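Here we start with a single chain on its own, the form predicted alone, put down as structure tokens.
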């Protein structure tokens, strides 16, 4: 069964110690066991862009849909026989020691776009984007303040897949199927429910491959959930698991407070509704 693992600071963050970051061992174990399909870190929440369409108007905002402590820092897709094994894998991830890991099963059957028995991440998937292309994790967020939209995303999936803009993705099961994992003082702490207490929650994810943020926003604006909910776009921030974590931490701390993505002030395309920037 495939699960998405989301990594966050959580409500009880602990100091990060680069000396205890054994992500290389975790990654190697997942590959050796054949359970790790794909995963990446995400650029900091400063580089997040949220997209909504309300009344035909495109609304773009800098930042993630949730509070900073709940912002997702990375994700993995794993395929394991049971939730118990997913919890065991999540508990050994370095983030479990200083943050939290949210485990969410993917939806299967009607309502999802991946058939039973098919892998979410295509076989032979190229983890590296081509020169001049950028990848974004598109998070589909349920929002009770969204419009009533009775439209399946199947047409959006077919169009973006045919254009080579959507690499893979699927709907996630509801928040009540969520498990949260963290380690505190060497003790495994497991609880039910999503990381966010708000009514907004992640309903699905897609990986996009585009020429930049403007194209990603245009694609997101066409998703039905841009009207019924919120779309969060997060650029990827690949991790070299063999890098010096202490040096990487110092280097990234200097740049993590600055937004590197462009600030969109006009519509992403002639076919898109008029754009407005939230500040």
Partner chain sequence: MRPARGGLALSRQASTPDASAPDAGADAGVDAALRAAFTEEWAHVVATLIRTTGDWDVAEEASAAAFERAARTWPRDGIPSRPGAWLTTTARHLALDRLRRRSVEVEKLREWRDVEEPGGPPDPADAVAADADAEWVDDRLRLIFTCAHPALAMDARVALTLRTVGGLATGEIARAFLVPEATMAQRLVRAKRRIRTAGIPYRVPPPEALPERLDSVLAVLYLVHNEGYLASSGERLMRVDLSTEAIRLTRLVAGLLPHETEAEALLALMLLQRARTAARAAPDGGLIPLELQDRSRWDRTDLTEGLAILTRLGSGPVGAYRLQAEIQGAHASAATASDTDWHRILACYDGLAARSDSPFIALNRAIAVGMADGPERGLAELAALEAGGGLGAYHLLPAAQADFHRRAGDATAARRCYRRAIGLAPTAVERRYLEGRLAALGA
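As the structure is a computational prediction, the values presented were derived from the model and not from experiment. Residue numbers count along the first chain shown, from 1.
There is another form of this protein, the form predicted in complex with its partner chain, and it is not shown here; the text below is about that form.
- None of the heavy atoms of residue 160 is located within 4.5 Å of its partner chain in the predicted bound form.
- Contact between residue 105 and its partner chain in the predicted bound form is found at the 4.5 Å heavy atom cutoff.
- Interface membership of residue 176, defined by any non-hydrogen atom within 4.5 Å of its partner chain in the predicted bound form, is confirmed.
- At a distance threshold of 4.5 angstroms between non-hydrogen atoms, residue 128 is out of contact with its partner chain in the predicted bound form.
- For the residues 87, 207, 121, 142, the 4.5 Å heavy atom test against its partner chain in the predicted bound form is passed only by 87.
- The stretch from 146 to 154, 184 to 192, 130 to 138, 92 to 100 that comes within 4.5 Å of its partner chain in the predicted bound form, counting heavy atoms only, is 184 to 192.
- If you take 1 to 16 and check each residue for a heavy atom within 4.5 Å of its partner chain in the predicted bound form, you get 1, 3, in sequence order.
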